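Just one chain follows, in the form predicted alone, and it is written as structure tokens.
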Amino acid sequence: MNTYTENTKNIPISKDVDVLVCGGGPAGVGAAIRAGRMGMSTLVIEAFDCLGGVATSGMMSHWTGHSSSKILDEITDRCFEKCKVLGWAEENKCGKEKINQEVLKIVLDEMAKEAGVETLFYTLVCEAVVENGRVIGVIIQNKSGRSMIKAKCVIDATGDGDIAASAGVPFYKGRESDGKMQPCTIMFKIGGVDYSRAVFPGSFETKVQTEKGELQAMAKKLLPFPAGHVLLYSQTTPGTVCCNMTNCIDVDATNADSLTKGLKVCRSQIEPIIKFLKEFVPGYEKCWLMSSASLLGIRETRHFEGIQTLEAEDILDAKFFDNWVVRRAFFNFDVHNMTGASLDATGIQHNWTQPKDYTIPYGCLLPKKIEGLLLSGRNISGSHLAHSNFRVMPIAIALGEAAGTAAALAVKEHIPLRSVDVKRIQNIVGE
């Protein structure tokens, strides 16, 4: 590879905060709001134009899975009320599990402001600044140029764990056996759907018989590979549906070329999918493209090594950890097929038989070797299969809330993150 030596230069320290949250997705939102409410000067760095990540920029259709997060409950309650003004006023058509992305953007801005949280949009987090084994800040790049932000505690809520990787925290990618990662998706929204006749298959295993055939089977046969499943979700606005049907395999979202490929492949599938919907799906005969997500939905990249690691068995056994920081986590093994469409052979949705929720211990948020840094969201320390469960947004928000609480306690007491009394975290984020 050819190289170029960049000139060494001094860059300004643009901000100095108590808690710096890298990434404004669900985990970052939970972390920032909790830290701000605990009196910390808190800053969120976000590459896009809004908070919410996959829930807003990613155009996610609904909240799936459960957790004990108080902030999640507040978000859904406030969105429900705001939807009556800005969305569809009919309460029975605006359930709390559904996401109106534009309403959610506004609610998250309001909650951040009320908590005293500062946000910096259109900003890339470039690398961690590490001194003597401790993260003391990050380098950022935006329209104002390149600068450093100092922080007493940094929370990595980037999803891919960009800061943790930069800081030297050990990790591996994807499935332990072969490194394969779950496929990516770009969500898109359509209008013109006749709700009186429309069907809404909500899982890979939902079979819908029509006059022309069974929808999942027809999609697998007729849609361009690796697309080939039907996932359609009603929305809070009349006649609109969110489509989770594009699919691209063998994408490494930590590689810019690969990420670009995934986006292009998924976007190229939108037209044939809409043609399929018009021809074969009842109620969709007059549907039309409204918008597509600006953020590609990435399910899996790096798995970091923490003080503790959550395993699939911990979820199946509904294990109760004494040092829990997340309670009532619940979902299935949502492993998307890494060789094509639909559910992977290791995934379990309709056949999920474990009815109990589980806990996540504090050690999963504490990275090996590095101080001053917390993992939060899908990048916490967990196995590939466990990750397919805890990666969903309600659990990510709870993980963020726990990270924000731990960071605030560490800063207030001038102690390392590893020395924070877990009981105190539990008292704040607990039931």
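All residue numbers are counted from 1 along the displayed sequence. As the structure is a prediction and not an experimental result, all values here were calculated from the model.
What follows is about the form predicted in complex with a small molecule, which we do not show.
- Proximity to the small molecule in the model of the complex, taken as a non-hydrogen atom within 4.5 angstroms, holds for one residue of V103, A293, A167, I298, which is I298.
- The listed set V281, I273, A329, V125 contains one residue whose heavy atoms approach the small molecule in the model of the complex to within 4.5 Å, identified as V125.
- With a 4.5 Å cutoff on heavy atoms, H62 counts as touching the small molecule in the model of the complex.
- In the model of the complex, at least one heavy atom of A396 sits within 4.5 Å of the small molecule.
- Of the heavy atoms in A47, some are within 4.5 Å of the small molecule in the model of the complex.
- Remark: C242 does not count among the residues lining the small molecule in the model of the complex, judged by a heavy atom distance of 4.5 Å or less.
- Only one of 285 to 293, 78 to 86, 128 to 136, 151 to 159 places residue heavy atoms within 4.5 angstroms of the small molecule in the model of the complex, namely 151 to 159.
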